[in-house]
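Consider the single chain below, provided in structure tokens and representing the form predicted alone.
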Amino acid sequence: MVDSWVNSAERIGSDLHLELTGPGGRRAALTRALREAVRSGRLAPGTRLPPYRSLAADLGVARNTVADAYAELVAEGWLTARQGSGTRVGERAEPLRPAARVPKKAPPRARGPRHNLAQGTPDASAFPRTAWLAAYRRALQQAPSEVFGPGDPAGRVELREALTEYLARARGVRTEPGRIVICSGFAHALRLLFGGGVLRGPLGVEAYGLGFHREILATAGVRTVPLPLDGHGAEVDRLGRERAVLLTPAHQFPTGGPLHAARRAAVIDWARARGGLVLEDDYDGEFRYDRKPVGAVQGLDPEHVIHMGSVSKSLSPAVRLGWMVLPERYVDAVLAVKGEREAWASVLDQLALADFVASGAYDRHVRRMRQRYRGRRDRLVAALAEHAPHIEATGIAAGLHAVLRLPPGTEASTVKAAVWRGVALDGLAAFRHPETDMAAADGIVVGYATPSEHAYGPALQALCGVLPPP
């Protein structure tokens, strides 16, 4: 192949795409095509053109045809030619530009809230950059060459092995690497299980939960049946003909509180009797403050529970990594839906997380953040006691958010006042299943983990300023 020519290094690719069409023969057509390439800006001023011998060979024309075309364009000022410098586009050969248009005034950019107390995210400023970078470097240095080829839809074995050990130790999960499938988070897991047809509805769900998850299920054609909640969690005795039930047993989202031990046993009995499944969303199981961690329901019966988790709350939602711990009979079906190639989770991120977990850096980060979030929880409770003693904070034994119970009929006005004051938070009604017959309660969901340390104090002050009076 003819030597290549690159613009920035005084060379330009020899596949100079020119269409030799129109009247007047090959020379006229070449001259016309080159002139148009310069006029349109495709060949910028100063660009070096291929030697006429090379271009003639590429175009299948005589050398003299190219030489004559170059000479004509040099005479017209479109090109320049100097000994030892080759033929170039003239510096004054400005491309034809469209008439200037008066730019439209950009719409004003929406300002974010002054105080972010929205639930669902950890403190972004606390991401362990140094430790993560060290893990990433080690993973990259030690990675075998196969890592840079097509991935395994199950996920890298290094991460699945690290998770097997960690989940057994920290969450009481009983599994092995071959039963773990890496995904991009809980929402991705739902799409694989239901969107891919591995599971079908109807699906029992808690009366309060994320509407986003219900939308994913509805898109997959899954009917959800709400289960009322009380002080012991979801009333699982209401389960009947559902094929599966989705629960947040370690810390009900968003109302708080673990699923009572008797109900854990009862839902396992239901799954065994019905041949059903318990889908366990273990979204923030590491963060408990006032008592020992509540272990995973999966440990009671690994063949009737799908345990799902991610690092979105413990590390960062920017690290798009999660996992499903599956009963053996579902592994092949999930992998078939996921596909032959790993298209969802970066293999390099998987290796970095595997190192981060195996080295103990993940445990250290979780312990540090557990202490920080507990301190923030305590500051929230103290602020309420001082400024709004009639407001009760619930669900505060664990997690990254609290529910503030409000006087009846005040939720909507409180949310509106928060928006007016630039405080981002959620009303409890936003999480209510539209078909539940459970009595509504007024409240707001406050994410005390979201702000940075320096922003948390002002956010608390603003929050207390929007709470309704007794």
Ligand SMILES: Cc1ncc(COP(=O)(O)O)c(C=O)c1O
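Note that residue numbering follows the sequence shown and begins at 1. Just so you know, these numbers come straight off a predicted model, no measurement behind them.
Another form, the form predicted in complex with the named molecule, is not on view; read the next lines as being about it.
Shown alone here, L300 lies farther than 4.5 Å from the named molecule in the model of the complex, counting heavy atoms only. Contact annotation for H213: at least one heavy atom lies within 4.5 Å of the named molecule in the model of the complex. A residue is said to contact a partner when one of its heavy atoms sits within 4.5 Å of a partner heavy atom; A187 meets this definition for the named molecule in the model of the complex.
Although the partner is absent here, Y283 is a contact residue: one of its heavy atoms lies within 4.5 angstroms of the named molecule in the model of the complex. Shown without its partner, this chain lists S310, T175, T224, Q350 as candidates; in the model of the complex, only S310 has a non-hydrogen atom within 4.5 angstroms of the named molecule.
Between the options F287, F194, F253, W132, the residue in contact with the named molecule in the model of the complex by a heavy atom within 4.5 angstroms is F253. Heavy atoms within 4.5 Å of the named molecule in the model of the complex are found in exactly one of 136-144, 275-283, 351-359, 330-338, that being 275-283.
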